[in-house]
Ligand SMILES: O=C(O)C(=O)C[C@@H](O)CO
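Shown here is one chain on its own, the form predicted alone, set out as C-alpha cells.
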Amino acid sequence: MIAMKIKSIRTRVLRWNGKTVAPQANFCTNASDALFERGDSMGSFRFHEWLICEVETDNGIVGIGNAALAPTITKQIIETYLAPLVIGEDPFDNEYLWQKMYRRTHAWGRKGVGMVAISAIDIAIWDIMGKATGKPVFKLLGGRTKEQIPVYASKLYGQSIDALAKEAQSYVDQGFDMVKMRFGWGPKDGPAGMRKNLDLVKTVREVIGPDRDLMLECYMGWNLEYTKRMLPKLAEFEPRWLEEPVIADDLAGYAELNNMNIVPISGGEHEFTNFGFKTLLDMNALSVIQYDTNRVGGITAAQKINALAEAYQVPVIPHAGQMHNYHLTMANLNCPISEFFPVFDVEVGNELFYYVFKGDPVPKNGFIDLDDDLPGLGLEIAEDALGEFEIIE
C-alpha cells in the first residue's frame, strides 16, 4: 500500500430549505418540556442542518464524515482547532490522531460539540482507510458477525390514535418485527397525560401483536418521580426498553430506574467516549447502550465502548441507524440490531441523511445488509440533490 498523508479538510454546512412537516402538539416529549414554554418546545431538538466533513489525502482519496449537532459551530471547531492537528499525518495512525484531537482540546472539548467535531473527522478517516485497502469499514473492525442486520422501524411520533395505528400497521406490512414509538405527554400533564400515553402504547401493542418487540422513547422529557409512577403501568405491554426517560446528566436517576427491574432502561445518545459509558456501566444505569457514532467520538471511540459493554454483557444498539452505525453493528456480536428511520419528509431532521448522502441500505422484511465488496463506508455525497439546501462553505 502506498504511503499517504492527509492533505486537506473541507467542511460544508447544509441548511435545509425544502419542504418540512410542521410542528405538531404532543409530538414527542423532550428535555424542554420542564420549562414554561410558548411555541414549539421541540424546536431546539430539530436538526435541519447537516455537516459534511471531507478529509482528502495527498494521493486523492477522500473520506466522508458527518455531524448533525450544532453544525455551524462544529465547522468552526474543525477548521480552527482540529484540521491543523491532522493535516500532514498518516490516516492509518487513527488512534494517535484521535488521542491528539482529544487531548489537545481537553480543556473544552471532552463532551458535547467538541466531541462531535472529533467524530466527524474520525469517521472520515475510517472511510479513507477502507477505500485505501479496498475493504468496507466493517471488515477493518472485525468483519461480518451476522448474515444481515435486523432493524426496527423508528418513528410513531404523536398523532391521532387512528393515524398511529395505521402507521404501526404499515411497518408490520413491510415485515418489521420491531418498532419504536414516542410519548406525547409528561409530568406537567398529570394523570390525564399518563392515560393518554398509555393509550398510545396500548394502540401500538394491539396492532403489532405480542410477538413483535415494542420500544418506548421519552427523549429526556420525563423526570425520576414521573417515570417511577409510569414503569408499573407500562410493564403489562412488555416493552423491550424505555429510552432516555430523564435528562442525560441524571446518572443516579438512570441507575435507580434500571435497578427497579421493571422495564429495561436504555440511553447514551447524549453521552460521550468510553469514560462516560464506564461510569454508566459501573452504576448499572443502562440495560441498552445507544451512542451515536457521529457524536460519541467517532468509530474509534465507539469500538472501545463496544468492547467495554461486552465485558458487562450490556448490548449496544447505536442511535439513528445510518452507515457509520451500521458498520459497527455488523462488526460486533454485542450489537444485535440497528435503528432505522423510515424515509420521510423532513420532520425532526434525522431524515436529512437520506437527502445528503447516497448509499444507505434499504430494509427488506426488517433486515438490511452491507456489501462485502464496497470499500469504505459505502457513502457518496448526493451532490446532484443539494439544490434544496443553503450551502455554507
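Sequential numbering from 1, following the sequence displayed. Keep in mind that this is a model prediction, so the values were computed, not measured.
The form predicted in complex with the named molecule exists for this protein as well; it is not shown, and the discussion that follows is about that form.
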Exactly one residue in K180, K139, R205, R240 has a non-hydrogen atom within 4.5 Å of the named molecule in the model of the complex; which is it? K180
Only one of F176, Y157, F272, W98 comes within 4.5 Å of the named molecule in the model of the complex by heavy atoms, so just point that one out. Y157
Spot the stretch among 110 to 118, 214 to 222, 193 to 201, 251 to 259 with residues whose non-hydrogen atoms come within 4.5 Å of the named molecule in the model of the complex. 214 to 222
The named molecule contact at E49 in the model of the complex, heavy atom, 4.5 Å: no
At the 4.5 Å heavy atom threshold, is N350 in contact with the named molecule in the model of the complex? yes
Find out whether any non-hydrogen atom of A331 is located within 4.5 angstroms of the named molecule in the model of the complex, and reply yes or no. no
For E339, is any heavy atom within 4.5 Å of the named molecule in the model of the complex, or not? yes
Pick out the residues of 308 to 326 whose heavy atoms come within 4.5 Å of the named molecule in the model of the complex. H319
